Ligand code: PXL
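Form predicted on its own, single chain, as structure tokens, below.
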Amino acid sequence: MTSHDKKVLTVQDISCVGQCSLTVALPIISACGIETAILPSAVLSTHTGGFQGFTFRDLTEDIPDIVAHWEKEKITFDAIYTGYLGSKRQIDLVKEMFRRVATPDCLKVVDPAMADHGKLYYGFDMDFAHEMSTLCGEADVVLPNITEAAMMTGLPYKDKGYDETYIKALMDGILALGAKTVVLTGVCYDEAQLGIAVLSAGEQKISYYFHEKMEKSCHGTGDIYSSAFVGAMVRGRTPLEAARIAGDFTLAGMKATVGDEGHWYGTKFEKALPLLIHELNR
């Protein structure tokens, strides 16, 4: 897919403060030189990781009318990228979008943002994880972490001590849902490196990209990574190339954040945007 006149739609929440979801997806994909449309699934005053008393407004009921208006105006999208979805109903609505406002060769990318470190996010249950697996089955590319992959495939979650056989089983399980390519994040075979594993349907061998492992994690890195990945894919990069570009970009944002104790709530991805733009324009 080339970037000429392409339009990306991203569907996820707006956390007004906290550098995640739409407040990173819109600027990052736009910085890739791609027209970016948004469909908010909810509006929160902040993200939920460490803030107390945040506000939340569910926008599920607005989505059907928005999509109907797009259909009336004959608006379609060359790529649809989903992040945090707040309910099974929203998952069903995204499936309808795939059928109603996607171009014939639309790139469908699903980040099943629902769990990490062996636990589901607040408000989700295993029924939601099952429903998310059906959405992943309609995707061209799925971007899970190990927790999400385990929950959607029914395999046990392992946070360490696993080998490639385990990672391959997770990835084969996602492909068995119907996805064309799985890009698994957070793969760690040793303490020094963190990796991204890429496998497409019909392939037997996993492709990897490893980078240094930071001692401290940052909020929002999953959304930052996925957004850069989508931008790179729409700019014509292969899944492995996009995985590398997104990984390096995310790492650069984390390095820009290290040492600023007052910036505990997010990742300074803005500092790394020149790196992303330079890499895509090479």
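Residues carry their position along the shown sequence, with the first being 1. It should be emphasised that the depicted structure is a prediction, and the values quoted were computed from it without experimental measurement.
Here the subject shifts to the form predicted in complex with the named molecule, a form of this protein not shown in this document.
*Asks:* At the 4.5 Å heavy atom threshold, is P40 in contact with the named molecule in the predicted bound form?
*Replies:* So P40 does not count as contacting the named molecule.
*Asks:* Would S21 count as a contact of the named molecule in the predicted bound form, using a 4.5 angstroms cut-off between non-hydrogen atoms?
*Replies:* Contact check for S21: yes, within 4.5 Å of the named molecule in the predicted bound form.
*Asks:* Flag R235 as yes or no: does it have a non-hydrogen atom within 4.5 angstroms of any non-hydrogen atom of the named molecule in the predicted bound form?
*Replies:* Answer no; every heavy atom of R235 is more than 4.5 Å from the named molecule in the predicted bound form.
*Asks:* Taking 4.5 angstroms as the cut-off for heavy atoms, does Y209 touch the named molecule in the predicted bound form?
*Replies:* Heavy-atom contact with the named molecule at 4.5 Å: absent for Y209.
*Asks:* Just one of M254, I245, I29, L44 has a heavy atom within 4.5 angstroms of the named molecule in the predicted bound form, so which one?
*Replies:* For this set of options, the contacting one is L44.
*Asks:* Pick from Y189, Y121, F98, Y157: which residue has any heavy atom within 4.5 angstroms of the named molecule in the predicted bound form?
*Replies:* Among Y189, Y121, F98, Y157, a heavy atom within 4.5 Å of the named molecule in the predicted bound form occurs only for Y121.
*Asks:* Please determine, with the chain shown alone, which of 245-253, 31-39, 216-224, 57-65 has non-hydrogen atoms within 4.5 Å of the named molecule in the predicted bound form.
*Replies:* The contacting stretch is 216-224.
*Asks:* So in the predicted bound form, are S15, T48 and Y84 all sitting within 4.5 Å of the named molecule, heavy atoms only?
*Replies:* Per the other structure, all of S15, T48 and Y84 touch the named molecule.
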